[in-house]
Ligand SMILES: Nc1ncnc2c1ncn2[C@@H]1O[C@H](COP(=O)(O)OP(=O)(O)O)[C@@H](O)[C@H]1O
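Below sits a lone chain in structure tokens, taken as the form predicted on its own.
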């Protein structure tokens, strides 16, 4: 049974910004849910540091606590034990410098507002009204995700992939340091998913974001991330923390066909499958 893995050989810088400063820290974090009959521990003994500008994917078996961890890190859930800090400061709720994008894009957008209106909504608490320039900012972020042509359309007029692009644009418009994403691309078709992955990588590089990305898809994790963190299947913290070191920029064909990509894919599949034959 695999219980740990050392980071794979790679350079010390893996981010768009090249920064090694720690932005997000989880220190011996635990989360217990209480029901009428018993307590259920979703996570315990989890410690993790994420540097500014890193792209970190969280993977693991269903029920290992990936989404719980994301909600703890983003301040949407309080930890039962331990501490989470952003820029060295303990959090007691969602940090101002963070935004979240979830799987259910259809419910995250305001149906009575246009695409531009939804993105403008994301600007409300990010910029003082006196600064102005909101129209230019809306246009910038819609252009960043490839939706400049759809500014005046409503969410229900868009495909699933386009709706998720609009949700990403709205999150980015708030100029967050941290972007948390929970299975954000799992509800769209394979082609739209590949396009969204590249849209996200472009936005991450352009905006200097730190991204924490939950996914069940090992290939997606390897393609996107600097680090792939595997959670223990029984919620006992981090099983492995693998640095891919894959060169950037990445391409859907060139990166996925490279020996390095295939190596990390196999390595992570073995870890998630608990050492069982991955079939390769």
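Numbering follows the first chain given and starts at 1. No experiment lies behind these values; they were computed from the predicted model shown.
What comes next is about the form predicted in complex with the ligand, which does not appear here.
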Please name which of the stretches 22 to 30, 54 to 62, 219 to 227, 242 to 250 has residues with heavy atoms lying within 4.5 Å of the ligand in the predicted bound form. 54 to 62
Consider residue 255 of the chain shown here, and say whether it contacts the ligand in the predicted bound form, taking contact as heavy atoms within 4.5 Å. no
Heavy atom of residue 42 within 4.5 Å of the ligand in the predicted bound form: yes
